[in-house]
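Take a look at this one chain, the form predicted on its own, written out in structure tokens.
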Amino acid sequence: MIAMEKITYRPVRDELAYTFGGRLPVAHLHSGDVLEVFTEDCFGGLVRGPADLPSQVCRMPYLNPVSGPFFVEDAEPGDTLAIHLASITPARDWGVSSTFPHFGALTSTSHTATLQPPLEERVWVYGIDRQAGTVRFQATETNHAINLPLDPMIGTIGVAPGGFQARSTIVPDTHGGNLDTPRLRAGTTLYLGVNVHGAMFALGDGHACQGEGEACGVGVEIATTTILTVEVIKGVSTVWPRLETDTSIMSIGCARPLEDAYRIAHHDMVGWASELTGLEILDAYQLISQVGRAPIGNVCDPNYTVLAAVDKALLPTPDPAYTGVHARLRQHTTGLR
């Protein structure tokens, strides 16, 4: 596959989107095109220090902006869009995190209402050393500080949902959205089912690092410069988002309660593994039960995110997923990392 064009897109503030669906495209891509795109952090760059409490400097619902949407030529409902993340680079030398009242896994929320007082709203500022590959945590109430590994990821990426819907970028679902899994890092290919003409994909919400589950609901939020490439896989549908790396395949489920997200992901993985290997469905179920992993994306968003992951080496001579598009796109972006 030969790159037809390299497109660079940097949105101005008024061009940032807050929904998947319901927006006109900002650029057109073809299969094989390389896109270099600037993405803003989940606060729109407005939280820059401890005094910038999100409730004071941000305005609902203008949180979690994405860059896009991008129209992909030849993408039609029933196809699959493969998006390969070649590189994700912090655009600034700092990132921020926070706690919110009534938001996060360990506080009262509108879904799990309790009578204890809300958590204090607080901001942490992280220094980012791109050359050293570190993210600096500094406690706010003591002198404790530690360098964490810089592991950039894209928290929110998806396509327009079907049925003329416009979904908030905060929500993860079948169209992708706010998946918040650290597996969406450079070197990963994301597979999304196409619901509308042109797919209309968008991305944003970069994190310098994030723990499994994103317990407080906020990673180390960063703006990024992300380089990616796309390919349309014609006539192949993908119901739930899937990921592929050089060594693993992963299915993603988004739902509440958490066990339903788990079931969705593992139901998809068992079927996918059976399809790739020729294993009978209960044999695939048994194998995934013993060798699979279940990393959690988030337990804070309107839907929770759980992955079902398995190492390719543990599957019996699997066929290449989606006719080997991951390897093609990875080769296509060699040198862009």
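Note that this is a predicted model, so its numbers are computed, not measured. When you see a residue number, it is the position in the sequence shown, counting from 1.
One more form of this protein should be noted, the form predicted in complex with another copy of the chain, which is absent from this view; the next part is about it.
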Is it the case that 99, 124 and 289 all touch another copy of the chain in the model of the complex, with a non-hydrogen atom of each within 4.5 angstroms?
yes
With another copy of the chain left out of view, choose which of 90, 213, 198, 187 has a non-hydrogen atom within 4.5 angstroms of it in the model of the complex.
213
Heavy atoms within 4.5 Å of another copy of the chain in the model of the complex: which stretch in 164 to 172, 71 to 79, 225 to 233, 188 to 196 meets that?
164 to 172
Residue 285: touches another copy of the chain in the model of the complex, heavy atom cutoff 4.5 angstroms
yes
Look up in the model of the complex whether residue 50 has a non-hydrogen atom within 4.5 angstroms of another copy of the chain, and give yes or no.
no
Please check if residue 327 has a heavy atom lying within 4.5 Å of any heavy atom of another copy of the chain in the model of the complex.
no
Is there any non-hydrogen atom of residue 62 lying within 4.5 Å of another copy of the chain in the model of the complex?
yes
Counting only heavy atoms, which residues in 245 to 273 are within 4.5 Å of another copy of the chain in the model of the complex?
254, 255, 256, 257, 258, 259, 260, 262, 263, 264, 266, 267, 270
